[in-house]
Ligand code: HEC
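Shown here is one chain on its own, the form predicted alone, set out as structure tokens.
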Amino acid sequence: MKRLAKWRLVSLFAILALALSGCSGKPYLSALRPAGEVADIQFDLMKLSTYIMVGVIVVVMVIFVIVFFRFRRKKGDNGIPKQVEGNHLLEILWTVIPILLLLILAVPTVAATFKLADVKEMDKKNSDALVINVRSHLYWWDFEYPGQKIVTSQDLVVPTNEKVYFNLKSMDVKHSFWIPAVGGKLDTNTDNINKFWLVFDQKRANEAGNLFYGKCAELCGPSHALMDFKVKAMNRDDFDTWVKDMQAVKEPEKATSDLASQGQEIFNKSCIGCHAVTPQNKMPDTARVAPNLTNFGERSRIAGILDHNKEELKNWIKNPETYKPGNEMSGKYPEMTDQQLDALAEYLMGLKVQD
């Protein structure tokens, strides 16, 4: 029975190792493949702490093996071993060594903390820094570019090879803003604004297909694991072009077909009360009850998790509760026929600001 229990334990660890081997190492998602200055700093700290911990384990195991064999009881040894105590050298060593290890870990950690918390540039008047106001909701994300006077949702668009500053706030419960491959994470609270910065490396962005995955890293409800967003990283020229295209949209995109026209009419009757289809921020934070859809046709995912196509869009509109339990969209509009869903999907997929 004891042998059987041991084999069960070995099997459990083998299954655990197999499960961990499936953790994503993809460049758009893995924190172990850093894609920016912040991620590099955090990864270096992770490696440093790991080296220290592994080093301590190796030293302890070596001492354990030496003591086990050298001081084990031998045949004929029936007396009490010689008692050794009060070795000043050993006492000094096991006091000083942990202090040195803590200093080796603490100094770069504190230095990195102050460096990553330096957001003076974004608070300067007439600063050229790119600032993005991130607003988290159940279960979606809103991105406002105050300097450019545009708002988008679910897809965060950023330039590469420069600092991008973020103001983080939650509109309902505590969430946490995290782009694993690039850096973070930092909480979004309801009662204060957190600030930090990230840099998106162009070379590593190319390796990731210029698309990174972002997630909520704070348990916030039944669909917490599904609260994703995507990050489109591009060079500064392409980013400036995107901004100009967004700023050029002054009125809702007009439908380009009869079916899309029917969908636009349905949208104006059922959806416009919550969703905006122009990028300008014409409402206060408290009025943002649903994602901005100005460039919905150019998004990478539907609802942050579904493939971006008409069928998935219709499935989402038909029953969002199936995909994101507890979301704020369920029950907010009348039930639609298949023909109405086709028309609405046709209109929404045509909402684009770039060719």
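We number the residues from 1 along the sequence you see. Here the structure is a predicted model, which means the values were calculated and not measured.
The following text describes the form predicted in complex with the ligand, which does not appear among the structures shown.
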Residue-level contact is defined here as any heavy atom of the residue lying within 4.5 Å of the ligand in the model of the complex; does G36 satisfy this criterion? no
My question is simply whether F267 lines the interface with the ligand in the model of the complex - judged by any non-hydrogen atom within 4.5 Å. yes
Using a 4.5 angstroms cut-off on non-hydrogen atoms, would D40 count as touching the ligand in the model of the complex? no
Proximity of E328 to the ligand in the model of the complex, heavy atoms at 4.5 Å: yes
Among the candidate residues W140, Y213, F196, Y145, which is the single one with a non-hydrogen atom no more than 4.5 Å from the ligand in the model of the complex? W140
Heavy atom contact within 4.5 Å of the ligand in the model of the complex, the stretch among 271-279, 234-242, 175-183, 74-82: 271-279
If you look in the model of the complex, which residues in 331-349 sit within 4.5 Å of the ligand (heavy atoms)? K332, Y333, M336, L344, L348
